[in-house]
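To begin, one chain is listed below as structure tokens, in the form predicted on its own.
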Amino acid sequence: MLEFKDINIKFADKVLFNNFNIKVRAGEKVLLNAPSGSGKSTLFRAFLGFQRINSGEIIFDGKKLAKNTLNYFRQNSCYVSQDVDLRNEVVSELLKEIFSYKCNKNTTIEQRKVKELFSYFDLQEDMFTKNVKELSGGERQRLGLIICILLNRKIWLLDEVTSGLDKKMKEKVVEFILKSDKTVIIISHDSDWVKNEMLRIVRW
């Protein structure tokens, strides 16, 4: 499904990765567990083509990351960043805009599904009329995750998506993600992830 093969990444005199390898099977849930500054988010950016690798290969669905395959990588994955950097628009208009993009033209947004997800993640329906800048960090994280779920892509790249949530909501988010049929790679320092046996932990 996904492989980082003999990855080498270097910044100036700092070697971030030296022949790094990891394979992720379809449907697998993997937690990247390493100290801050060790390159976890850099791997996500490399997968999406935003970070150049010095050598090695990134392989997804049998395709090697290159200029002619980059769109395939991006169109079949969903990245939710730690800061959940969303455009400052009214939430309802933001959702319409995202699903109007050419790459999402075959993905329908069902209002029933949206409402179900808002309810599950304890978001009030009046949030549809709010600007993104009015939302708390935890609300943006949940909104970012909901957008990821609705996009229905093969692989989810989740970077600290539970950091702004209370314990009860962290548990609900973890449960939902681990029960999904998606391939998920997670970056998190929350113990709610580490203690779960359904998750494979990759440490370095």
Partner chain sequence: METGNLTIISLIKIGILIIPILILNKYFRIKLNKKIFYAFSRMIIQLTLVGIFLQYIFDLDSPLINTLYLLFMMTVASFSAINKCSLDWKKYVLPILLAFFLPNIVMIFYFNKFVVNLNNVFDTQYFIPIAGMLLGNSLSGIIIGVNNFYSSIKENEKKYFYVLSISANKLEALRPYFRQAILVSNNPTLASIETMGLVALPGMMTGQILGGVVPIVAIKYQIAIMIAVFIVRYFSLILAIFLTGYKAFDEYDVLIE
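Residue numbers count along the first chain shown, from 1. What you see is a predicted model, and the numbers here were worked out from it, not measured in a lab.
What comes next is about the form predicted in complex with the partner chain, which does not appear here.
The stretch from 173-181, 160-168, 61-69, 22-30 that comes within 4.5 Å of the partner chain in the model of the complex, counting heavy atoms only, is 61-69. Proximity of R87 to the partner chain in the model of the complex falls within the 4.5 Å heavy atom cutoff. Under a 4.5 angstroms non-hydrogen atom cutoff, the partner chain in the model of the complex lacks F121 among its neighbouring residues. Taking the partner from elsewhere, I147 is found to have a heavy atom lying within 4.5 Å of the partner chain in the model of the complex. Not displayed here, the partner chain is approached by G49 to within 4.5 Å at the level of heavy atoms in the model of the complex. This chain is displayed alone, yet in the model of the complex one of Q111, S100, T129, N106 has a heavy atom within 4.5 Å of the partner chain; that residue is S100.
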